[in-house]
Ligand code: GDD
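Only one chain is given next, in C-alpha coordinates, and it is the form predicted on its own.
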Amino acid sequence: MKAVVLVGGFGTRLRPLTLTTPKQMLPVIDRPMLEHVIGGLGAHGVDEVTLSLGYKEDVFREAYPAGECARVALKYAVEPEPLDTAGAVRFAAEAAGIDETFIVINGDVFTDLDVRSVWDRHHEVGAAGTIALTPVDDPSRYGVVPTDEAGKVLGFVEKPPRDEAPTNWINAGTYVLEPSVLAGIDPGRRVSIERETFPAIVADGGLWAVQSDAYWVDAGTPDTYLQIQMDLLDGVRGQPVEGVSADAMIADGATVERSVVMAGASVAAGAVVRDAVISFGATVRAGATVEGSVIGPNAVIGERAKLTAMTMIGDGAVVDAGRALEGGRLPESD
(Lines give C-alpha, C1' and ligand atoms only; values in the text may rest on other atoms or scores of the structure.)
Protein backbone atom coordinates (compact mmCIF):
# COMPACT_ATOMS: atom_id res chain seq x y z
CA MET A 1 0.00 0.00 0.00
CA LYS A 2 1.29 3.42 -1.02
CA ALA A 3 0.23 6.77 0.37
CA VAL A 4 0.62 10.46 -0.40
CA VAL A 5 0.80 12.61 2.72
CA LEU A 6 0.05 16.31 2.22
CA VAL A 7 2.50 18.41 4.24
CA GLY A 8 3.10 21.44 2.02
CA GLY A 9 1.00 24.07 3.82
CA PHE A 10 2.28 27.16 5.59
CA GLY A 11 0.68 26.36 8.98
CA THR A 12 -0.39 29.98 9.45
CA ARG A 13 -2.87 29.17 12.23
CA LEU A 14 -0.01 27.79 14.33
CA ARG A 15 2.28 30.79 14.10
CA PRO A 16 4.65 31.65 15.69
CA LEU A 17 5.53 27.96 16.15
CA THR A 18 5.57 27.48 12.37
CA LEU A 19 7.75 30.48 11.58
CA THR A 20 10.74 28.17 11.88
CA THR A 21 9.23 24.68 11.70
CA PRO A 22 6.65 23.20 9.31
CA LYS A 23 3.43 22.24 11.07
CA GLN A 24 3.89 18.49 10.63
CA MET A 25 7.37 18.69 12.15
CA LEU A 26 6.15 20.29 15.38
CA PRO A 27 6.77 17.96 18.31
CA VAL A 28 4.00 15.90 19.91
CA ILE A 29 5.11 14.47 23.27
CA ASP A 30 8.50 13.19 22.12
CA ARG A 31 8.66 13.22 18.32
CA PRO A 32 7.36 15.16 15.32
CA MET A 33 3.67 15.08 14.46
CA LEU A 34 4.59 13.48 11.13
CA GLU A 35 6.03 10.39 12.83
CA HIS A 36 2.76 9.78 14.67
CA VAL A 37 0.82 10.11 11.39
CA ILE A 38 3.10 7.88 9.33
CA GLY A 39 3.41 5.38 12.17
CA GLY A 40 -0.37 5.02 12.12
CA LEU A 41 -0.34 4.37 8.38
CA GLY A 42 2.43 1.81 8.74
CA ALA A 43 0.47 -0.03 11.43
CA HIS A 44 -2.30 -0.60 8.87
CA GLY A 45 -0.08 -1.88 6.09
CA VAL A 46 1.25 1.19 4.28
CA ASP A 47 4.87 0.54 3.34
CA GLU A 48 5.69 3.59 1.18
CA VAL A 49 4.80 7.26 1.72
CA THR A 50 5.39 10.15 -0.64
CA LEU A 51 5.51 13.50 1.14
CA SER A 52 3.93 16.30 -0.88
CA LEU A 53 6.23 19.14 0.15
CA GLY A 54 6.24 22.92 -0.22
CA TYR A 55 6.92 25.18 2.76
CA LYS A 56 10.34 24.56 4.33
CA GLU A 57 10.74 21.25 2.51
CA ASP A 58 14.40 21.08 3.54
CA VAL A 59 13.39 20.50 7.18
CA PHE A 60 11.75 17.20 6.25
CA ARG A 61 14.73 16.01 4.21
CA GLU A 62 17.17 16.86 6.99
CA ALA A 63 15.05 15.05 9.59
CA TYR A 64 14.91 11.81 7.58
CA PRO A 65 18.12 11.62 5.55
CA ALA A 66 17.85 7.84 5.18
CA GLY A 67 14.48 8.13 3.42
CA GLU A 68 12.57 6.40 6.19
CA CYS A 69 10.12 7.55 8.87
CA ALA A 70 8.52 5.33 11.51
CA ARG A 71 9.89 2.31 9.61
CA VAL A 72 8.04 3.37 6.44
CA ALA A 73 9.94 4.21 3.23
CA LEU A 74 9.80 7.89 2.23
CA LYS A 75 9.80 9.61 -1.11
CA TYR A 76 9.68 13.37 -1.66
CA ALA A 77 7.76 15.50 -4.15
CA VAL A 78 8.41 19.25 -3.93
CA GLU A 79 5.80 21.48 -5.56
CA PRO A 80 7.31 24.21 -7.73
CA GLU A 81 4.44 26.43 -6.54
CA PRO A 82 1.38 25.86 -4.31
CA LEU A 83 -1.06 23.66 -6.24
CA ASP A 84 -3.83 23.24 -3.63
CA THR A 85 -4.94 19.80 -2.47
CA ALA A 86 -5.80 18.03 -5.73
CA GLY A 87 -2.93 19.64 -7.61
CA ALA A 88 -0.56 18.50 -4.88
CA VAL A 89 -1.92 14.95 -5.00
CA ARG A 90 -1.47 14.70 -8.77
CA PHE A 91 2.02 16.18 -8.66
CA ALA A 92 3.17 13.89 -5.83
CA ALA A 93 1.63 10.72 -7.29
CA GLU A 94 3.23 11.33 -10.68
CA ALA A 95 6.59 12.23 -9.12
CA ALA A 96 6.51 8.95 -7.18
CA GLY A 97 5.44 6.90 -10.18
CA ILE A 98 2.21 5.75 -8.52
CA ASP A 99 0.11 3.87 -11.07
CA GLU A 100 -2.14 1.79 -8.79
CA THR A 101 -4.68 2.36 -6.03
CA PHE A 102 -3.22 4.66 -3.37
CA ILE A 103 -4.07 6.47 -0.14
CA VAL A 104 -4.07 10.21 0.49
CA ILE A 105 -4.03 11.72 3.97
CA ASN A 106 -3.73 15.24 5.31
CA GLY A 107 -0.54 15.39 7.35
CA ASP A 108 -2.12 17.14 10.32
CA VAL A 109 -4.86 14.56 10.91
CA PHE A 110 -4.49 12.59 14.15
CA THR A 111 -6.70 9.53 13.96
CA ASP A 112 -7.13 5.91 14.99
CA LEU A 113 -8.97 5.19 11.74
CA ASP A 114 -8.32 1.72 10.32
CA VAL A 115 -7.33 2.84 6.82
CA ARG A 116 -7.35 -0.79 5.73
CA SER A 117 -11.14 -0.84 6.18
CA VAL A 118 -11.47 2.11 3.80
CA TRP A 119 -9.12 0.38 1.35
CA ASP A 120 -11.14 -2.85 1.48
CA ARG A 121 -14.51 -1.09 1.02
CA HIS A 122 -13.09 0.89 -1.89
CA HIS A 123 -12.24 -2.31 -3.75
CA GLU A 124 -15.46 -4.06 -2.71
CA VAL A 125 -17.65 -1.44 -4.42
CA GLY A 126 -15.28 -0.67 -7.29
CA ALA A 127 -15.08 3.03 -6.45
CA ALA A 128 -13.00 5.66 -8.20
CA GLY A 129 -12.52 7.32 -4.83
CA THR A 130 -13.48 6.51 -1.24
CA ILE A 131 -13.50 9.02 1.60
CA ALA A 132 -13.27 8.37 5.33
CA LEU A 133 -15.93 10.29 7.25
CA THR A 134 -16.05 11.34 10.89
CA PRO A 135 -18.92 12.89 12.89
CA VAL A 136 -18.60 16.38 14.41
CA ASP A 137 -20.87 18.64 16.44
CA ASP A 138 -20.35 21.66 14.18
CA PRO A 139 -19.82 20.75 10.51
CA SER A 140 -19.60 24.35 9.27
CA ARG A 141 -15.78 24.34 9.27
CA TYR A 142 -15.52 21.22 7.11
CA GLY A 143 -16.54 19.44 3.93
CA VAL A 144 -19.88 17.75 4.64
CA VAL A 145 -20.58 14.46 2.87
CA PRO A 146 -24.15 13.12 2.59
CA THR A 147 -24.42 9.48 1.48
CA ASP A 148 -27.08 6.87 0.76
CA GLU A 149 -27.53 3.83 2.99
CA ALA A 150 -24.86 1.86 1.12
CA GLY A 151 -22.30 4.63 1.51
CA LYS A 152 -22.41 6.10 -1.98
CA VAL A 153 -21.70 9.81 -1.84
CA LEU A 154 -24.63 11.97 -2.92
CA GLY A 155 -22.92 15.32 -2.72
CA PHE A 156 -19.97 17.23 -1.34
CA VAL A 157 -20.78 20.46 0.47
CA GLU A 158 -17.77 22.52 1.51
CA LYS A 159 -18.20 24.45 4.79
CA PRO A 160 -21.99 24.91 4.83
CA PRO A 161 -23.71 27.17 7.42
CA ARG A 162 -24.24 25.10 10.55
CA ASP A 163 -28.04 25.13 10.30
CA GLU A 164 -27.99 24.16 6.62
CA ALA A 165 -25.63 21.17 6.77
CA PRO A 166 -27.33 18.04 5.38
CA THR A 167 -25.41 15.80 7.80
CA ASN A 168 -22.79 16.01 10.54
CA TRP A 169 -20.53 13.46 8.80
CA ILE A 170 -17.54 15.31 7.41
CA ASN A 171 -14.54 14.63 5.23
CA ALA A 172 -11.91 13.21 7.60
CA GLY A 173 -8.96 13.94 5.32
CA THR A 174 -8.19 10.33 4.39
CA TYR A 175 -8.95 8.99 0.90
CA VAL A 176 -8.38 5.94 -1.24
CA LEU A 177 -8.09 6.85 -4.92
CA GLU A 178 -7.68 5.13 -8.24
CA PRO A 179 -4.96 6.55 -10.53
CA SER A 180 -7.72 7.36 -13.05
CA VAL A 181 -8.74 10.22 -10.74
CA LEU A 182 -5.47 11.97 -11.51
CA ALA A 183 -6.45 12.41 -15.15
CA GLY A 184 -9.30 14.69 -14.08
CA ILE A 185 -6.95 17.07 -12.26
CA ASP A 186 -5.53 19.76 -14.52
CA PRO A 187 -1.74 19.80 -14.21
CA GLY A 188 0.17 22.91 -13.27
CA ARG A 189 -2.67 24.89 -11.65
CA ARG A 190 -4.28 25.15 -8.24
CA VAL A 191 -7.06 22.55 -7.97
CA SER A 192 -9.06 21.85 -4.79
CA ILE A 193 -9.87 18.19 -4.22
CA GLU A 194 -12.82 19.21 -2.06
CA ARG A 195 -14.34 21.84 -4.37
CA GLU A 196 -13.52 20.47 -7.82
CA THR A 197 -12.30 16.87 -7.88
CA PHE A 198 -14.74 15.20 -5.48
CA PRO A 199 -17.88 16.91 -6.89
CA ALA A 200 -16.82 15.75 -10.37
CA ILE A 201 -16.46 12.14 -9.18
CA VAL A 202 -19.86 12.38 -7.45
CA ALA A 203 -21.38 13.49 -10.77
CA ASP A 204 -19.93 10.35 -12.38
CA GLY A 205 -21.28 8.13 -9.58
CA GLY A 206 -17.85 6.94 -8.50
CA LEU A 207 -17.37 8.43 -5.01
CA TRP A 208 -18.06 6.33 -1.91
CA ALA A 209 -17.54 6.85 1.80
CA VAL A 210 -16.82 4.89 4.97
CA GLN A 211 -18.11 6.28 8.26
CA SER A 212 -15.96 5.88 11.36
CA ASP A 213 -16.28 7.24 14.87
CA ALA A 214 -12.64 6.40 15.65
CA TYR A 215 -10.55 9.08 17.34
CA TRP A 216 -10.02 12.00 14.96
CA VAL A 217 -8.58 15.48 15.41
CA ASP A 218 -7.52 18.07 12.84
CA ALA A 219 -4.37 19.24 14.61
CA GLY A 220 -3.92 22.42 12.60
CA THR A 221 -4.98 24.97 15.23
CA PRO A 222 -3.43 25.98 18.56
CA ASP A 223 -6.31 24.44 20.50
CA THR A 224 -6.15 21.11 18.69
CA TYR A 225 -2.34 21.00 18.72
CA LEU A 226 -2.58 21.19 22.50
CA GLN A 227 -5.54 18.77 22.58
CA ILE A 228 -3.78 15.92 20.80
CA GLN A 229 -1.07 16.00 23.44
CA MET A 230 -3.46 16.21 26.38
CA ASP A 231 -5.44 13.30 24.89
CA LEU A 232 -2.30 11.17 24.92
CA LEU A 233 -1.60 12.12 28.54
CA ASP A 234 -5.20 11.41 29.55
CA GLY A 235 -5.37 7.99 27.92
CA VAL A 236 -8.05 8.99 25.41
CA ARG A 237 -6.23 6.90 22.79
CA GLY A 238 -5.28 3.93 24.98
CA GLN A 239 -2.85 3.74 27.84
CA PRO A 240 -1.84 7.19 29.15
CA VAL A 241 1.65 8.25 28.12
CA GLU A 242 4.21 9.99 30.32
CA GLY A 243 4.47 13.65 29.36
CA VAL A 244 7.59 14.63 31.31
CA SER A 245 10.76 13.45 29.62
CA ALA A 246 13.39 11.68 31.67
CA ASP A 247 15.80 14.21 30.16
CA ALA A 248 13.84 17.25 31.40
CA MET A 249 14.89 19.07 34.57
CA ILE A 250 12.11 19.69 37.09
CA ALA A 251 13.36 21.50 40.19
CA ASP A 252 12.21 20.70 43.70
CA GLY A 253 9.35 23.04 44.46
CA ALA A 254 8.17 23.27 40.85
CA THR A 255 4.58 22.26 40.03
CA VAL A 256 3.94 20.35 36.81
CA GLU A 257 0.39 19.12 36.27
CA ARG A 258 -1.09 17.42 33.17
CA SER A 259 1.62 18.81 30.94
CA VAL A 260 4.26 17.86 28.41
CA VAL A 261 7.83 18.81 29.29
CA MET A 262 10.17 17.63 26.56
CA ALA A 263 13.82 16.58 26.66
CA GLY A 264 16.25 19.33 27.58
CA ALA A 265 13.54 21.59 28.98
CA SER A 266 13.74 22.91 32.54
CA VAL A 267 11.21 24.15 35.07
CA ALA A 268 12.62 26.08 38.02
CA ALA A 269 11.56 26.13 41.67
CA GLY A 270 8.30 27.92 42.32
CA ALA A 271 7.22 27.72 38.68
CA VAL A 272 3.79 26.32 37.79
CA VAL A 273 3.17 24.46 34.53
CA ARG A 274 -0.40 23.25 34.05
CA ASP A 275 -2.23 21.88 30.95
CA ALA A 276 0.67 23.10 28.83
CA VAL A 277 3.41 22.05 26.44
CA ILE A 278 7.03 22.98 27.11
CA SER A 279 9.05 22.04 24.04
CA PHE A 280 12.60 20.76 23.67
CA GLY A 281 15.21 22.91 25.41
CA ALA A 282 12.79 25.55 26.70
CA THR A 283 13.29 27.19 30.10
CA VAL A 284 10.63 28.19 32.62
CA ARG A 285 12.29 30.29 35.30
CA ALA A 286 11.50 30.63 38.99
CA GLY A 287 8.00 31.71 39.93
CA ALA A 288 6.69 31.75 36.35
CA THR A 289 3.27 30.34 35.43
CA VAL A 290 2.47 28.62 32.13
CA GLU A 291 -1.12 27.45 31.90
CA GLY A 292 -3.07 26.24 28.85
CA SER A 293 -0.29 27.44 26.57
CA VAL A 294 2.49 26.20 24.27
CA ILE A 295 6.15 27.12 24.64
CA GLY A 296 8.33 26.49 21.60
CA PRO A 297 11.82 24.98 21.50
CA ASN A 298 14.57 26.86 23.32
CA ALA A 299 12.25 29.65 24.44
CA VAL A 300 12.84 31.31 27.81
CA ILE A 301 10.04 32.29 30.18
CA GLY A 302 11.34 34.87 32.63
CA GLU A 303 10.91 34.86 36.40
CA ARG A 304 7.35 35.51 37.61
CA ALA A 305 6.03 35.79 34.04
CA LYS A 306 2.44 34.59 33.63
CA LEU A 307 1.28 32.96 30.38
CA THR A 308 -2.34 31.82 30.06
CA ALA A 309 -5.27 31.29 27.64
CA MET A 310 -3.39 29.64 24.77
CA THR A 311 -0.39 31.92 24.68
CA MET A 312 2.13 30.66 22.12
CA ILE A 313 5.83 31.39 22.35
CA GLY A 314 7.96 30.70 19.28
CA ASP A 315 11.34 29.04 18.84
CA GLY A 316 13.99 30.79 20.93
CA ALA A 317 11.78 33.70 21.99
CA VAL A 318 12.26 35.33 25.39
CA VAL A 319 9.44 36.46 27.68
CA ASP A 320 10.68 39.15 30.05
CA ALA A 321 10.50 38.67 33.81
CA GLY A 322 7.15 39.61 35.26
CA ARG A 323 5.37 39.92 31.90
CA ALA A 324 1.77 38.69 31.65
CA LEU A 325 0.40 37.34 28.37
CA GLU A 326 -3.18 36.14 27.95
CA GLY A 327 -3.67 34.53 24.55
CA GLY A 328 -0.55 36.30 23.34
CA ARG A 329 1.87 35.46 20.53
CA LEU A 330 5.61 36.02 20.64
CA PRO A 331 7.17 36.90 18.31
CA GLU A 332 4.17 38.60 16.76
CA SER A 333 3.58 37.90 13.06
CA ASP A 334 1.19 39.00 10.35
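Heads up: residue numbers just count along the shown sequence, starting at 1. This one's a predicted model, so the numbers in the text were calculated from it and none came from an experiment.
Form predicted together with the ligand: not shown, discussed below.
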- Which one of 224, 212, 106, 101 is close to the ligand in the predicted complex, taking close to mean a heavy atom within 4.5 Å? 106
- Query: Out of 178, 84, 231, 114, which one falls within 4.5 Å of the ligand in the predicted complex, going by heavy atoms?
  - Reply: 84
- Query: Which one, 201-209, 251-259, 237-245, 138-146, holds residues whose non-hydrogen atoms are within 4.5 Å of the ligand in the predicted complex?
  - Reply: 138-146
- Interface membership of residue 171, the ligand in the predicted complex, 4.5 Å heavy atom rule: yes
- Message: Within 4.5 Å, heavy atoms only: does residue 159 come near the ligand in the predicted complex?
- Response: yes
- Message: Is residue 118 part of the interface with the ligand in the predicted complex - any heavy atom within 4.5 Å?
- Response: no
- Message: in the predicted complex, is there a heavy atom of the ligand that lies within 4.5 Å of any heavy atom of residue 3, even though the partner is absent here?
- Response: no
- Message: Check for me: heavy atom within 4.5 Å of the ligand in the predicted complex, for each of 18, 275 and 307, yes or no.
- Response: no
- Across 191-220, which residues bring a heavy atom to within 4.5 Å of the ligand in the predicted complex? 194, 216, 218
